[in-house]
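Coming up is one lone chain in structure tokens, specifically the form predicted on its own.
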């Protein structure tokens, strides 16, 4: 195989994206005597993989059993803690929401009062303008 193809295949191999056929072709290449001198450091790696694959465990493997004691009160305690946290979070959010609603209601009342004040001032201005219109009419009658 040519150097660039092997180099690309090694990149894919080290990213863990090779197929079994590609891995097999890499093993065959690095076990042959025709390895490119630039790729010689990888020969040691693939040789170690081959040796590790040939190792066999002699004897039996005994795994220690974990003794898990089930305490029924732990699930109840966990449920109690979770429900306590949920209730306190709900109460906290309700008080914050009530305070926000109070602030919004106060702001609404203040803006409503300001609107009434502005409407009263506009009404006074309208009355004054109607008096000016009447003055213009009477002035035009007498000054002609």
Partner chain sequence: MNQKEFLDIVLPIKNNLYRLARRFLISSDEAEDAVQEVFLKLWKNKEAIKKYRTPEAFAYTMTKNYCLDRLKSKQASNLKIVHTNFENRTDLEKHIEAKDGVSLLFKLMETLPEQQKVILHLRDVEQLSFSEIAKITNTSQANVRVSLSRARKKIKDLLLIQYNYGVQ
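Residue numbers count along the first chain shown, from 1. The shown structure was predicted, so the numbers you read here are calculated from the model rather than taken from an experiment.
The same protein also has a form predicted together with its partner chain, omitted here; what follows describes it.
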Using a 4.5 Å heavy atom cut-off, state whether residue 84 contacts its partner chain in the predicted bound form. no
Would residue 19 count as a contact of its partner chain in the predicted bound form, using a 4.5 angstroms cut-off between non-hydrogen atoms? yes
Using a 4.5 angstroms cut-off on non-hydrogen atoms, would residue 48 count as touching its partner chain in the predicted bound form? yes
Examine residue 91 and determine whether its closest non-hydrogen atom to its partner chain in the predicted bound form is within 4.5 angstroms. no
Pick from 49-57, 92-100, 107-115, 72-80: which stretch has non-hydrogen atoms within 4.5 Å of its partner chain in the predicted bound form? 49-57
Select from the listed residues 126, 134, 120, 15 the one whose heavy atoms reach within 4.5 Å of its partner chain in the predicted bound form. 15
Along 27-49, which positions have a non-hydrogen atom within 4.5 Å of its partner chain in the predicted bound form? 27, 33, 40, 41, 42, 44, 45, 47, 48, 49
